[in-house]
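Shown next as structure tokens: one chain only, the form predicted alone.
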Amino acid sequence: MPRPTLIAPSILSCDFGRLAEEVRAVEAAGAGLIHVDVMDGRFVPNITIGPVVVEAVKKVATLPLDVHLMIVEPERYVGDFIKAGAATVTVHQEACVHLHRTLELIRSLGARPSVVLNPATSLSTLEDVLPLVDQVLLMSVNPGFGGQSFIPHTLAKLQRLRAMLDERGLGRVDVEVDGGINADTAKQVVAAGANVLVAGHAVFRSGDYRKAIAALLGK
């Protein structure tokens, strides 16, 4: 049975002066998750938000918070983000010296473990941890900034990832994609096997959140 496609608007692209209203607006417009991009200025060349903002979002959000940690030493901070309200915590394979341990830590603290790969990182690096995760995120841009163009080779990578999961009986695992998602690329990534689509500019810069989310869902 096909998994439902969920749109996860990234608050990185929202109006932070109206954060609560923006979260409520995308929820009312049909979002499936709220995506939170955390950047530390070290793992990626940008600095965004920390647990205090996640806690603020949690106070107004009714949807689960999908928190993507683009930071070094994520194992030091996963507890703070889970305490703040993260339902899913995504860590970078490239940032985790002990990835297996970090994923187990996330689950032990009550959140869904998720792992993410940068565009240049091979799927083979995940073979030994796939049974530990509830979600795999593939970056379709190089992380650090919103508004970038979709990297086409992500489509073949998504297809290979979905095949890897199915071959291992892990069809329950969500496949998420982040970067350059719009109405056109959304159709392509869903066809390739993704079921969670992160969208920042395509939603928050659209002027009509409901119409934008519907377009991403192919409606």
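All figures in this text were calculated on a predicted structure; none of them were measured in a lab. Throughout, we count residues from 1 along the sequence that is shown.
As for the form predicted together with a small molecule, it is not shown, yet the points below apply to it.
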Partner absent here, but in the model of the complex, which of 80-88, 125-133, 94-102, 143-151 has residues with a heavy atom within 4.5 Å of the small molecule? 143-151
Residue among 189, 161, 54, 70 with a heavy atom within 4.5 Å of the small molecule in the model of the complex: 70
Which of these residues, 63, 170, 29, 39, gets a heavy atom within 4.5 Å of the small molecule in the model of the complex? 39
Whether residue 12 contacts the small molecule in the model of the complex should be assessed with a 4.5 Å heavy atom distance threshold; does it? yes
Does residue 111 reach the small molecule in the model of the complex if we count a contact as any heavy atom within 4.5 Å? no
Close approach of residue 138 to the small molecule in the model of the complex, 4.5 Å, heavy atom: no
4.5 Å heavy atom contact, residue 210 to the small molecule in the model of the complex: no
